[in-house]
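To begin, one chain is listed below as structure tokens, in the form predicted alone.
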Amino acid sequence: MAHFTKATSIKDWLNQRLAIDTVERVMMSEYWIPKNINFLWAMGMVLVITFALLLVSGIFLLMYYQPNVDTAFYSVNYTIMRDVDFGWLWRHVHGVAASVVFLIIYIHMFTGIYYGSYKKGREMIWVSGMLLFVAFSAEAFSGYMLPWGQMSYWAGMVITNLFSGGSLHADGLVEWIRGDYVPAQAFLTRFFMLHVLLIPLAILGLIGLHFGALRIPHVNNQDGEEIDFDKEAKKYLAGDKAGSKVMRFANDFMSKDMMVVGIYLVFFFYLVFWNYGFAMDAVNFDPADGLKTPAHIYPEWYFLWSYEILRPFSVDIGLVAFAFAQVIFVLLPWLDRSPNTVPANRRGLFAIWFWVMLVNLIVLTAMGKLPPEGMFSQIGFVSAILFIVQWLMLPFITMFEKKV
């Protein structure tokens, strides 16, 4: 058994049992961050703050939401929005945060791709990050079902139909997921459980894994410089803070993070009070009606690019392309064969590949919101083909890249 002495304070009592000083030292005061980074490295903390906003606002909404097909729509649009004091504010915060969190995720994700933060030694950082993306996507989709409006119902119908596997006709699997032949009470109850309990627990666990995966290989830097963290940490602790290439996570790096977070929160609450409409589809303000199909069914903006990869093809090919798009980002550390962990602008063809992919994803997102007619259908088809071809070309583009 461990040796315990008489505690001199509450902190000392806790420290003997939980080693809080060791945890603080390992994860905070002696967790070293490179100095040569920019504001994009603060996106991780911005994501944590946004997730906290989602949790807090979700708890307040949960107090009045009714997970019943007969009352869910009215509990959101009348009870919360009109009857409860400041209910509208919590719904705006939750809706805007649910949308903006994906903007920050995409910025964080493409920053990692641009600076090579997934390369050898950092694979688990990337994989855990992509698992978080999947978990947030599942959380967003399950939450989209809860208002039980027209778009909630029909988006649920369309997305669950994907699990039929096209010509495989796995209709039994679809019915098992829904709990019925069509989205109904069992469907709503299941997605309510997923949204408020199971998926948030998974997200919290994956956040812990993501932070843990950062601890050994350390954070990448914007120059791709190989830093001897032990040597630079000794310099810092010896008093040569200016000469050291690293700084403490707490409170040196955190102070820089908080400045970016402060600017972000100004932008966030501007959206909450004055421009929240983008996060609430007008069609979803009509109650769910299984006998009235909306003229144009589409997902939220953050899913549009993958939806557009599915849409231009026949059912089976579309499902294969859609599955390809969901999995391929996870495999990036093994598809990029280059030995270089440097910014994309120093990597020749990879820089072209990166910017073409980014622009193409924006085009796919734009096309996904439009009806698949005429020129829009052709542009979406070409963009989907380009996305697939780009990823298939990546190993060959990077295989012959010279060491920088």
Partner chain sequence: MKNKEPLILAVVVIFSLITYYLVEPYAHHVMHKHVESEHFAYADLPALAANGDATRGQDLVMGAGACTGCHSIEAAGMPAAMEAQDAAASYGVNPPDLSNVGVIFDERFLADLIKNPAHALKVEHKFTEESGKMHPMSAFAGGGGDIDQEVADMVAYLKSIALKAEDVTPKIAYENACGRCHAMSYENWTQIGEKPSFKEKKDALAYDIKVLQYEDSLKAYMGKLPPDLSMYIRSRGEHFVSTFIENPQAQLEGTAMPRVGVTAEMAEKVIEHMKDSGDTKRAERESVGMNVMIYIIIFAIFALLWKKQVWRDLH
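Positions refer to the first chain, counted from 1. This one's a predicted model, so the numbers in the text were calculated from it and none came from an experiment.
Keep in mind that the form predicted together with the partner chain is missing from the display, and what follows is about it.
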(message) How about R337 - does it come within 4.5 Å of the partner chain in the predicted complex, if we only consider non-hydrogen atoms?
(response) no
(message) So, H210 and the partner chain: in the predicted complex, are they within 4.5 Å at any heavy atom pair?
(response) no
(request) Indicate whether F86 is a 4.5 Å heavy atom neighbour of the partner chain in the predicted complex. (result) yes
(message) Residue-level contact is defined here as any heavy atom of the residue lying within 4.5 Å of the partner chain in the predicted complex; does F163 satisfy this criterion?
(response) no
(message) I need to confirm a contact call. Of W176, F229, Y270, F313, which residue comes within 4.5 Å of the partner chain in the predicted complex, counting heavy atoms only?
(response) Y270
(message) By the heavy atom within 4.5 Å rule, which residue out of I59, V26, L40, A52 makes contact with the partner chain in the predicted complex?
(response) L40
(request) Spot the stretch among 139-147, 192-200, 240-248, 122-130 with residues whose non-hydrogen atoms come within 4.5 Å of the partner chain in the predicted complex. (result) 240-248
(message) For a quick check, can you give me the residues of 219-255 that have a heavy atom within 4.5 Å of the partner chain in the predicted complex?
(response) Q222, D223, Y236, K241, A242, M247, N251, D252, M254, S255
